[in-house]
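Given as structure tokens, the chain that follows is alone and in the form predicted alone.
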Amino acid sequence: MRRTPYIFASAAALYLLVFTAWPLLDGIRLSFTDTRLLNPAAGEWIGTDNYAALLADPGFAATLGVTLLYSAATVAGALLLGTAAAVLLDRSFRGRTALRTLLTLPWAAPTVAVALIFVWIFNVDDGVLNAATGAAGLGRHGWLTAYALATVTAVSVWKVFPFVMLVVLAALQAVPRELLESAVVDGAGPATVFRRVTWPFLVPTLRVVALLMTIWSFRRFEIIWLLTQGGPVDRTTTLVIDVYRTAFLESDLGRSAAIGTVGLLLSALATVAYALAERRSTAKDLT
């Protein structure tokens, strides 16, 4: 019986080693080679040449900027919309259960199906959105061309905000009701109650959610690829889209692995930022 925890822990550690750590380390090793997709066995060690080429490429700098902008906008939008929806659904009103189910649907729906539906909605000639704006006298627009990055970001926020909503809603259930009632008895308005009582309980949860959303946005592929394939003119090309193109369309596995390693570093930086914020919050609570 004493060995049971070690047996379960060993199984988890073995799983992580085989399916996470080893592919990750092998990908980093690959980034220091000139491996090609059609002949991977012929790849040779070239040191940091792939990274030097990335630093000298203006296109890669633009891709990095698109990635950071897309991630920041998606995380901010999802946090704002998800928190607002959670605060609304924390109140008691008729139809709350039905509305909660309805708002959860975007998260539950298959990503591929969602993307294909939005491709039809944003279609220039036959799309529902252009039909509505045309009928309203606002004209027709190329949502996936002229406003590609904003449109892709909006669809991503719509797809992921229910996750934020559900997590924040669970955190709201943990706020002591006696504190809320005491604040109301003392004459505090709804805004003051939220700012002074509810918000401090939500901050730790929002920090974790922000970290997860940031890492996920760095890795998001399906929505962007199905809506725009990184276009037009690379205006929606993020790191993960660049990884796919470089590996499978240009057959350059070494450079693709280098781009993926840069994405890994961004995720690591986000994790460090979260750890520093958590450490500062803990130190503040102790003083």
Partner chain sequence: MTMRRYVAILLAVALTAGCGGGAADDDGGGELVFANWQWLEPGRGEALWTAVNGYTTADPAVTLKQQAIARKDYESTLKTQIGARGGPDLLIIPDTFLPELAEAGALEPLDDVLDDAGKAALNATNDAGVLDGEQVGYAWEIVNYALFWNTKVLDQAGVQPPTDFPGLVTAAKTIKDKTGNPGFAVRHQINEEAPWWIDFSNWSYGFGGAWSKDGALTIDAPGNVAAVTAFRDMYTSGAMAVGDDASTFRSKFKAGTVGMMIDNSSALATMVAGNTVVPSTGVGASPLPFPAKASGQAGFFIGINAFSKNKTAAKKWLRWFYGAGPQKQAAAALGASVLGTDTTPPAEFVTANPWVPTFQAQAALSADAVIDGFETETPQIRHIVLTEVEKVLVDGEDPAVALARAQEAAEKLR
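If you're wondering where the values come from, they're calculated on a predicted model, not measured in any experiment. Numbering follows the first chain given and starts at 1.
The form predicted together with the partner chain exists for this protein as well; it is not shown, and the discussion that follows is about that form.
Visitor: Just one of Asn123, Thr133, Ser182, Thr198 has a heavy atom within 4.5 Å of the partner chain in the predicted complex. Which one?
Guide: Among Asn123, Thr133, Ser182, Thr198, a heavy atom within 4.5 Å of the partner chain in the predicted complex occurs only for Asn123.
Visitor: Given that the partner is absent here, does Leu249 sit within 4.5 Å of the partner chain in the predicted complex, heavy atoms only?
Guide: Yes, Leu249 is a contact residue.
Visitor: Using a 4.5 Å heavy atom cut-off, state whether Tyr51 contacts the partner chain in the predicted complex.
Guide: Flag for Tyr51 set to no.
Visitor: Quick one: is Tyr244 in contact with the partner chain in the predicted complex, heavy atoms, 4.5 Å cut-off?
Guide: Yes, Tyr244 is a contact residue.
Visitor: Ala283 versus the partner chain, in the predicted complex: is there a non-hydrogen atom within 4.5 Å?
Guide: So Ala283 does not count as contacting the partner chain.
Visitor: In the predicted complex, which of the stretches 258 to 266, 38 to 46, 214 to 222, 63 to 71 has residues with heavy atoms within 4.5 Å of the partner chain?
Guide: Result for this chain: 38 to 46.
Visitor: May I ask you to list the residues of 141 to 156 that have any heavy atom within 4.5 angstroms of the partner chain in the predicted complex, in sequence order?
Guide: Stretch hits: a single one, Thr145.
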